[in-house]
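There is one chain below, alone, in structure tokens, taken in the form predicted on its own.
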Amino acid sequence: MKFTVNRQSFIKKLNDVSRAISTKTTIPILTGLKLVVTDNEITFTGSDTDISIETTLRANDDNAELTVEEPGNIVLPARFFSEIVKRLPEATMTIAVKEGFQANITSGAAAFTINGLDANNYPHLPEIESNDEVTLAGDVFRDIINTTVIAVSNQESRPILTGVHFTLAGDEFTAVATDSHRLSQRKVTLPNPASETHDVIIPGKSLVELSRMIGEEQQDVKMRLAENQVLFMLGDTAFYSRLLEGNYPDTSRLIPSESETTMEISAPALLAAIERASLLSHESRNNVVKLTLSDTATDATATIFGNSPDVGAVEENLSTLALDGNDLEISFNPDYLKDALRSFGQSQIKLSFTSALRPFTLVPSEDGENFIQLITPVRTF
């Protein structure tokens, strides 16, 4: 095997597959990067068994400057190889592999030799044959991930809650996550209805890595589902993830259908107030912020309180757009509310409360059906 390539183009592909390579795997060959070189392309593969990423650098890519003298394949130690490639002196580099799986890497006056492994021993990627394919704009898919993954649980004691629950029925595509203290749900209407109903749970860690790979430029993301794997296609890159096994809890019953008190407010304004209040609440052991709502005949007020017995207290009146219903005093974890508010960006939102001890919801003022954040309050008495 021997080829010459533009180093920056190579590094970009190398960085993509490195997201799936872990030094902690129990399978030694998976700490390596698999390279398969044909006459006109290089295929990069990385995997840690949970996530597998495969991407291709083609000779017809003008930036690749790829010249293949001899096809072949090898698995190279990913961490060392990556550090070497990033520090080479010239814009191009040449990699040559002779017998014995030794790779010679040259660029300008620099020359490295590193030991590789037989690519034939590398595990095969799963084969996913599915007639149903969900296609969404990259920015939409990234937004779905980023607004739901915040509610994924970090506790391995309930593995099913460490994933995001995706359901596909007809033209409705729904993503929901909960850690039992909060919930986030997004719904999207697809242009083309699915022929089958799907119900899968994708690990939150996989989705975080996928979100980072979706570029700012407009590119579609294609999603294909199989029995225990999901495949995402991003142009020339294939991203595989295992699915979590088990039944996700019925979250629909957690979302209240009625409310006793509602408040409309600008999401950035409420976020700024919560951030100020949490400066002090973080210093106390229970990390709780209190919100009081009062709607009288002459005045409607919303007030945020935060305190720490050791440091002091903060009180701030909020400027609301609308406030209706019964008086209420409710306490909650400010970090949960901050995560939820950030997911709404610059929009105006509506908060709906039923009682001081019942979960409350946040929805966009203009589209409350397709995006819901829910937070469970904290009992302070």
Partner chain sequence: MDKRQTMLNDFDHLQDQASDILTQLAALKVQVTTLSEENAELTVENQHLRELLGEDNGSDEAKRLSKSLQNLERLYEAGFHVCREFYGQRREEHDSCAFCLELIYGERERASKAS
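Numbering follows the first chain given and starts at 1. In this text the structure is predicted, and so the values were computed from the model without any measurement.
Another form exists, predicted in complex with the partner chain; not displayed. Remarks below refer to it.
In the predicted bound form, the partner chain lies farther than 4.5 Å from every heavy atom of Ala96. Contact annotation for Thr148: none of its heavy atoms lies within 4.5 Å of the partner chain in the predicted bound form.
Proximity of Gly170 to the partner chain in the predicted bound form: non-hydrogen atoms within 4.5 Å are absent; the residue sits far from the partner. In the predicted bound form, the partner chain lies within 4.5 Å of some heavy atom of Pro249. Checking Thr354, Thr43, Ser343, Thr320 against the partner chain in the predicted bound form, a heavy atom within 4.5 Å turns up for just one residue: Thr354. Note on contacts: among Gln219, Ser180, Thr303, Thr189, the single residue with a heavy atom within 4.5 Å of the partner chain in the predicted bound form is Ser180.
Shown alone, this chain has one stretch from 257-265, 201-209, 88-96, 138-146 that lies within 4.5 Å of the partner chain in the predicted bound form by heavy atoms: 257-265. Shown without its partner, the chain has Gln155, Arg158, Leu161 in segment 145-176 as residues with a non-hydrogen atom within 4.5 angstroms of the partner chain in the predicted bound form.
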